[in-house]
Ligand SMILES: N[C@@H](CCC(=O)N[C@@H](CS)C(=O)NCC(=O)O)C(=O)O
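Just one chain is shown here, as structure tokens, and it is the form predicted alone.
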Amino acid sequence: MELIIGDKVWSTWSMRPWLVLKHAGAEFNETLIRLREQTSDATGDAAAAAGSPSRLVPVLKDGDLIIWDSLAICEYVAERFPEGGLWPVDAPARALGRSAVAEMHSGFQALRRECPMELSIRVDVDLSEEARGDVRRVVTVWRELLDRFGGPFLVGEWSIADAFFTPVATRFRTYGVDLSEYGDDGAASAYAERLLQAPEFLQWQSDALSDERVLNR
């Protein structure tokens, strides 16, 4: 298998299926498409040349099969590697996990806009009320799922839902977002820290920060 991704320091959508593949124990090669060192047209051309039908990343190639959406990739990997336990056996847990993923996949636009993922910096940011509402909603989702299923991750053991929220945890760290100001009793902050200490994420982060193009920009 081959996973076509964007720069690890910035590409949230690339991180999600990469983490899922790693957790599943799948063997795959990476093809990197630079996102910020050329025009958007040139980036699209590079992605298309690598095999992306949408001219975007990520893309998973498995033989002659090409999957070009991060959520579709993750669900395919869950079916391809059932032994990876990427979704719980319990049907209600799967349903609620998928609900959280779908909300993350299509929502939280203000948080995305005002706090783009950037693994190489730490800054403080003054969020708009819309973005603050997004943070409150994330905290609510995390607390409710952790309470219902008992942790340590959103629907019990690590799942695709946690892959989708790992980039959010990095945003909170990068921009100094104190979750206690958004309804957290400590459970959400502790969960975010667990995501950021997962071995697979630490490998992604190490790759990102060792990239000479990031360190020397």
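All figures in this text were calculated on a predicted structure; none of them were measured in a lab. Start at 1 and count along the sequence shown; that's the residue number.
One more form of this protein, predicted together with the named molecule, exists but is not displayed; see below.
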Do Ser159 and the named molecule come within 4.5 Å of each other in the model of the complex, heavy atoms counted?
no
Heavy atom of Asp69 within 4.5 Å of the named molecule in the model of the complex
yes
May I ask you to state whether Trp13 is within 4.5 Å of the named molecule in the model of the complex, using heavy atom distances?
yes
Does any heavy atom of Val155 come within 4.5 Å of a heavy atom of the named molecule in the model of the complex?
no
Among 61 to 69, 145 to 153, 173 to 181, 22 to 30, the region lying within 4.5 Å of the named molecule in the model of the complex by heavy atom distance:
61 to 69
Only one of Arg80, Arg98, Arg136, His105 comes within 4.5 Å of the named molecule in the model of the complex by heavy atoms, so just point that one out.
His105
Triplet Leu35, Thr43 and Leu56 all within 4.5 Å of the named molecule in the model of the complex via a heavy atom:
yes
